[in-house]
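A single chain comes next, written as structure tokens; it is the form predicted alone.
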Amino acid sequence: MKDETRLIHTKAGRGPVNTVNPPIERGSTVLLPTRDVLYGDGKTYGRMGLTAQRELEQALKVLENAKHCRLATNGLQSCALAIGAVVKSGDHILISDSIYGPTRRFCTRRLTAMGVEMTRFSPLIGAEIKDLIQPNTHAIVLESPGSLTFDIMDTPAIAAIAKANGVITIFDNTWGVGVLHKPLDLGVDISVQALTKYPVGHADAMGGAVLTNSDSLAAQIATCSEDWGISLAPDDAYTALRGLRTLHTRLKQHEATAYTVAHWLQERPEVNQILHPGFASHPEHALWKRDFSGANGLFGVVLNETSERKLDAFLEAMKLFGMGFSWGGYESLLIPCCDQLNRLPSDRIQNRAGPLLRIHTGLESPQDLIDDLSESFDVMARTT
């Protein structure tokens, strides 16, 4: 069966009542019949998850071609769990310079306080990452496309070098969402997702997931999750699972709208560069075509040089595009990103012409979104 079919038929651990959707069990204490069951590995306490959580895990394993799945309350927590489960004091990790900002903050602030050394590297490094591996290097943290800048990594090359040196690879697959990209199939050890984005799909819940095909890594992740008391609430698990049922259909619309809007923006005099890996002009387009099956609604735009006053006028004139963090919902979003950038001096984004914007195209009419941007550019032009 195709993934979109399997995602709709993932019933797991249901009781005698066969509803289409799983029950939401809002409970902490689970009453059990015997001592053996009380101390068993099943549904013994609400924090470990009940029916909705188990079924969500099953659906996510379908998405990522994974054997094991562990849930978290949000994307950052899932990244922290994946990393924290496999490193200890005295270890060294390598992190891509283009990973999600809060994940990098966790590595630089929290892990270093716990005695873990860290080195940032260019997302374009490919197999040359071998030169950065130290005797105590234990993990490499990847994300592709890169957060904010949409760089595409040569993930199979990095994964191969890592395996040859006994180093664990952790990949943030939030953009690829398991539909467009399957890092575990490319040799990655652990895949992570922020369910808050496309799986939930309606900007009304948060969640995270850590997935792997390794029994030993799954055991480490589970132990760390239990020690940190990580869990996903039943309502959030239900909401994410409901979103997964329509994920393939929604992604096609997000992708189509993003291409339409991005091609229109490419012709605007205010725009210097489109950061979309699906464009033939993207520097790593060939890698993207090799490793991804499609795109979603998220891409970047570099404007030509302009004043902050003009930029603010453009942003404040938007009516359909909202200015807010996150993405993946039905609503379109646009944010300026320069204040978030913290890249190595050699990163190509440092030589950009003007402001960097991140755009997420929702499920609105593409023409309405174009009209909104056009009117905002008009306001920008009139601002002195």
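Bear in mind that the values here come from a model prediction, so they are computed numbers and not experimental data. Counting begins at 1, following the sequence as shown.
Another form exists, predicted in complex with a small molecule; not displayed. Remarks below refer to it.
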- [ ] Look at the stretches 268-276, 282-290, 69-77, 225-233 and give the one with heavy atoms within 4.5 Å of the small molecule in the model of the complex.
- [x] 69-77
- [ ] Decide whether residue 180 counts as a contact residue for the small molecule in the model of the complex under a heavy atom distance cut-off of 4.5 Å.
- [x] no
Open item on the list: Even though the partner isn't displayed, in the model of the complex is residue 259 close enough to the small molecule, meaning a heavy atom within 4.5 Å?
Closed with: no
Open item on the list: Can you tell me whether residue 106 touches the small molecule? I mean in the model of the complex, with a 4.5 angstroms heavy atom cut-off.
Closed with: no
TODO: Indicate whether the small molecule has at least one heavy atom within 4.5 Å of a heavy atom of residue 311 in the model of the complex.
DONE: no
Task: Within 4.5 Å of the small molecule in the model of the complex, all of 198, 332 and 360 (non-hydrogen atom) - done: no
- [ ] Check each of 174, 169, 296, 96 and return the one that places a heavy atom within 4.5 angstroms of the small molecule in the model of the complex.
- [x] 174
- [ ] Identify which of 81, 237, 194, 211 has a heavy atom within 4.5 Å of the small molecule in the model of the complex; exactly one of them does.
- [x] 194
